[in-house]
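Given as structure tokens, the chain that follows is alone and in the form predicted alone.
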């Protein structure tokens, strides 16, 4: 009996120890709460008149998975942005008609972005959706070919009329931009699900210690590092785990010997020159209230070699990492910041990134935390693509 009582007491003590969440100070707690709630509220994109329309989503989905939107008839948007691979492709660099210079980022949660692409060369999702169609190394298509396909394919013609409320126009550029806006409407529906971190964050907000105790201790330690000493949340902040801006983090700029990727510096130049930016006539927001950032952004020397700070939701499932796919694993990505060479990071008068100098156990904890940003497996299901009535 005494032995049973001792075993029961030991079991209760162990349970009490497990149930004790790691202590976070007020600043850490505030940063943790700033990473939610999830999912975020959303409203239609005012620059895209068919944003949120089911008929446009259906047309965009058709276009997204169709290989005929490529010069050789073999490449689709879904060829690089694969649903089963969390809308990325697992390659170091994107492969379409040829290998590109940059890694394929996931398109999940794009609906909340301000800039698009690793260099931010687009300020809206529909312009970004058109860019790979026209890139010779990606889909190698053309505006004329896209318009011709929409007109000639009955399913596209019918769905176009359902989405836009009119017949397909004679203007090729108008048809191409409308197709891009339908593609954007579809991509806006791709949103990651809730994670064990979100459950912990919400439990912390309501002071539910029992629910908080379900979150692994290693992940809690990693989270404390993330919002505390490691200062990861300075760039990877908010519910998306990104500030949506650009940073230079000491990753090499060379695409290949003698060829440099200037990153954001060139992206701003391309953005300003694009006829499809939010200052142009294709923006459906007549007030141009969506164009404020584009109007004022200007390339500076410090932008050279900067690349977009990616969101971290599902990050454990989207390797390899960095803009050039040069980092193979999540652990190596964390180690990059731990062993960062400050001499490789130009600051142009700003604050340099500092090497974190993490112990191996701390790296393990940060990786454990990052893995909790992954949603439970849920295979993507294509919508029932029944044809609308077209008379």
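As the structure is a computational prediction, the values presented were derived from the model and not from experiment. Residue numbers count along the first chain shown, from 1.
There is also a form predicted in complex with a small molecule; it is not shown, and the following applies to it.
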Can you tell me which of 210 to 218, 302 to 310, 158 to 166, 274 to 282 lies within 4.5 Å of the small molecule in the model of the complex, counting heavy atoms only?
302 to 310
The small molecule in the model of the complex: within 4.5 Å of a heavy atom of each of 38, 58 and 172?
no
Quick check on this chain: which one of 82, 265, 131, 112 has a heavy atom within 4.5 Å of the small molecule in the model of the complex?
131
Heavy atom within 4.5 Å of the small molecule in the model of the complex - the one residue of 145, 297, 249, 255 that qualifies
249
I'd like to know if residue 190 sits close to the small molecule in the model of the complex, meaning any non-hydrogen atom pair within 4.5 angstroms.
no
In the model of the complex, is there a heavy atom of the small molecule that lies within 4.5 Å of any heavy atom of residue 356, even though the partner is absent here?
yes
Please check if residue 33 has a heavy atom lying within 4.5 Å of any heavy atom of the small molecule in the model of the complex.
no
The small molecule contact in the model of the complex: residue 139, any heavy atom under 4.5 Å
yes
